[in-house]
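Coming up is one lone chain in C-alpha cells, specifically the form predicted on its own.
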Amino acid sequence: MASSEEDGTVEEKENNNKKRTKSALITAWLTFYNIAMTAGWLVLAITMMRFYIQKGTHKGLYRSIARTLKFFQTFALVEVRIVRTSVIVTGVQVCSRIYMVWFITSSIRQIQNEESVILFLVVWTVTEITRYSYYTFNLLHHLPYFIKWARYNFFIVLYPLGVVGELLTIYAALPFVRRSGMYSMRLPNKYNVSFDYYYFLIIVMLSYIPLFPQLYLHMLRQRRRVLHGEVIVEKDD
C-alpha cells in the first residue's frame, strides 16, 4: 500500500516538473518573441524618422521600409495560435494587416506615396511598439504603469486613425486596380470562374462597418478590466 502511494507521489512530482519545464519554455519563447517584435518595430520607427529627416518628404518612404515591414508584419501570424485572447479577434487584426501590406500597398506602387499610407504606418508602428513592450514587461513581471496606461489608452485615438488610413489607401487603389485588372479573372477561362478584384476591394472596405465596432468594443472592455479592475465576461471563440 505504502509502495503504491509512493509511486503515485513520484509520478505526480514528475508530471509537475514536466508542466513547470513546459511553462518555462513557453514563457522564454514568448519573451524572446515579444522582445524581437518590439525591436523590429523600433527599427521601423527609427528608419522612418531618419528617412523623413534626411529627405524632407514622405515620398519613397514606404519603399525604403517595405522589406522590413513585410517580415515583421507577416511574422505576427505566430500570434494567432499563441495569444490567450480571442483567436478570431487576433486573426482578423493580423490577417487584415498582412493583406494591406502584401496585396494592396506593396502590390500597387502608384499608391505607396499616398499620405494615407504614412498615416496607417505611423499608427501601426506606435501601436506595435506599445503592445509588444507591454507583453515583454508583463512576462518579465516588471510592468511600468506608463506602458500599461499607454497600451490601454493610445488605441482610443490610434485605432480609428489606423482604420481611416487603411480605408483611404484601399480607396486610392481602386482606380489602378480597375484599369489594370490585377488579380482578376475574366470569363471565358479554363476554370469557368470569374473574379473581380476591384469589387472585392469594395467588399473589403464595407467589411470594416461590422468588424471595426466589434474589435474596438473588445479593446474598450479589455481596458476597463485591466485599468479599472472590472470583471468582464466574454464568450469563448
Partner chain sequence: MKHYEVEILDAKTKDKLCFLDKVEPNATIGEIKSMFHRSHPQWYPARQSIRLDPKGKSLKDEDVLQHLPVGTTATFYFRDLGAQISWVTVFLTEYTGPLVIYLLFYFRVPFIYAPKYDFTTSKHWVVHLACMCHSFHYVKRLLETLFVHRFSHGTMPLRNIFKNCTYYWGFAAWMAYYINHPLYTPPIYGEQQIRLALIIFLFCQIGNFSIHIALRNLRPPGSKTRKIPYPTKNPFTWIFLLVSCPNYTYELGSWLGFTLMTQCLPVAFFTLVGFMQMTVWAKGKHRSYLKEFRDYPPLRSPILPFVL
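Note that the structure is predicted; figures quoted are calculated from it, not measured. Positions refer to the first chain, counted from 1.
Same protein, other form: the form predicted together with its partner chain, not shown, and the subject of what follows.
Asker: Considering T57, N189, T27, S180, which brings a non-hydrogen atom within 4.5 Å of its partner chain in the model of the complex?
Answerer: Result of the distance check: N189.
Asker: Between the options I53, I209, V193, I203, which residue brings a heavy atom to within 4.5 Å of its partner chain in the model of the complex?
Answerer: None of the others qualify; the residue that does is V193.
Asker: Sort through 181-189, 59-67, 166-174, 44-52 and report the only stretch with a non-hydrogen atom within 4.5 Å of its partner chain in the model of the complex.
Answerer: Among the listed stretches, the partner-contacting one is 181-189.
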